[in-house]
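Okay, here we've got a single chain as structure tokens, the form predicted alone, with questions on binding and movement later.
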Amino acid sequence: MANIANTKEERSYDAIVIGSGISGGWSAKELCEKGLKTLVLERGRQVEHIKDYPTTNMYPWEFEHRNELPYQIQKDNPIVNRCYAFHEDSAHFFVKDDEQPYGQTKPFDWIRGYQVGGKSLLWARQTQRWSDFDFEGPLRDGFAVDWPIRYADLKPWYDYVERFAGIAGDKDGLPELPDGEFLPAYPLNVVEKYFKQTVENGFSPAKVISARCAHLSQPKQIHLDQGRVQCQNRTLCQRGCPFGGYFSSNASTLPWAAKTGNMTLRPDSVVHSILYDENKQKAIGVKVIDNKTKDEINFYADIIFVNAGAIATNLLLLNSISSRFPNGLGNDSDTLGKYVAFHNYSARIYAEYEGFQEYRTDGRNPAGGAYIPRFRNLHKQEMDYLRGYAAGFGANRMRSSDQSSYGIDLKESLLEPKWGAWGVSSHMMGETIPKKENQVTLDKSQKDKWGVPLLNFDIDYDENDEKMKEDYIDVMTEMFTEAGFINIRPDTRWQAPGLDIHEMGGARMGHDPKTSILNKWNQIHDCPNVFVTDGACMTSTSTQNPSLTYMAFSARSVDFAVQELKKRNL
């Protein structure tokens, strides 16, 4: 890590980016490319592409516990252990429960990855654009405030980030899921294609498409220029990809920013608060606590991009108090930390299919199979709940061994498993409605080891979520039955909000400063040189995976911010 600069001049930059994950990496890339000397602050440790992926090329037998975490580690980490990717090969990229405690008025699983690159090393890489069905949703049904933008505002920026990041997908011609600048899609297998035909023949307007994902199925020159090559379909992505086959800040945006010569990356830098100047009536910099020495140091810049991750961004803004903003930076509306929403992943369904015995799966699909875009409440309010849900669907041929024998027979059975039926499964991704009651707040007495107040969660499902979940199970059961699937097993085991890892809101965008924190440019209404382009900015959640939209917001807002800076408006 760089030595602490001694003078204010040495600690001054054109721009500061807080966080180096998916949105922070994009903010850094765009600012640096536009010529701004940019300081990127990351609270976690340094992780360099390839160099710091210690497990990426390990074979299963090279893991001490065959990729299972010891019981004591699982017991000591009940929250992060619930994450699907928390295993021996990736545990080093996750925040452990005792490292960053927080309060829970109601249960919330806050899954975090504090290192350079953040959760861009760990994300599921599903990428779908929003449509006007999503941006117009709050205005149509009156829940949350109206988005200050529409799809047309974001479309050119979706185009822009997709070309650079590399998104595989088909052009499906669906107004509810706009097409993009795609690399070739990963094809559906025979059972997924069969299910697609069943659904589209009998359950209109539902569609089944190949899932869109941030993988280089067929890289173009812009991806090769980044030092990335074709995805090898290993599906070991949570380890960090030495090929750069999927998009991450470490493989893509941060190296691109670095080669401009304009980026200073400072890991182990916990941002305590944003500094506000009462006389200048704008932010002038940030207060940082060095993670290793616990020294306090201020850095200064003309513009600040907050990309700490949705919940951490809320924490930072709430803790950025001054005489002008006693309840958090830009919080004249008293909405900061409120109207937090997430995706409802609390229902799944499993079954088997005995057809197509002449086929079996070969290789791995990094896209994960099929995707069913939202089809409820699109053109009119037709259900007894608001908004809707999307769903994933996948099929794989299963193998099993006869373990009832012993001795040489058991050995041979284990060594030569037999092909059986196809296993099929689906999961829902429901849109939750932002509510004032769903909020995060600062603890009034407890602080962490950096002197930052602990955060408390008061977030829960509601009746709308339950009705949506019931409909998903009913419809998927009908679809599975029509397709001839057997042993259909719905799974509605309760899981806490947060395990979806799609938390959004708290510093939402809106037209009116009285009911929102940010304007249409992701700019704090009452502190215009601070921009928020991560999940905290979201006014509603839609049913799409959100990361692609954060990328587009970041590129769009930097473009605006630099123009305003040149006009001396910031």
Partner chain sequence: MDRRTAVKNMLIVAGGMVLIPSCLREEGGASIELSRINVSAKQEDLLADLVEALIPKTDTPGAKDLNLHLFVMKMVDDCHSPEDQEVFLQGLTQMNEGKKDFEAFWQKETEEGLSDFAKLVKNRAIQGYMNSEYVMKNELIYELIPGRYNGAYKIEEING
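Source: prediction; values computed, not measured. Residue numbers count along the first chain shown, from 1.
Below: the form predicted in complex with its partner chain, not depicted.
Contact with its partner chain in the model of the complex, defined as any heavy atom within 4.5 Å, is confined among 463-471, 135-143, 488-496, 403-411 to 403-411. Although the partner is absent from the chain shown here, Met58, Asp362 and Leu415 each have a heavy atom within 4.5 Å of its partner chain in the model of the complex. Taking a 4.5 Å heavy atom cutoff to its partner chain in the model of the complex, the contact residue among Lys119, His87, Arg397, Arg228 is Arg397. Of the residues Gln197, Ser323, Gln357, Thr481, just one reaches its partner chain in the model of the complex with a heavy atom at 4.5 Å or closer; this is Gln357.
Looking at Leu69, you'd find a heavy atom of it within 4.5 angstroms of its partner chain in the model of the complex.
Residue contact check for Asn233: one or more of its heavy atoms lie within 4.5 Å of its partner chain in the model of the complex. In the model of the complex, at least one heavy atom of His65 sits within 4.5 Å of a heavy atom of its partner chain.
Although the partner is absent from this view, Phe243 contacts its partner chain in the model of the complex, with a non-hydrogen atom inside 4.5 angstroms.
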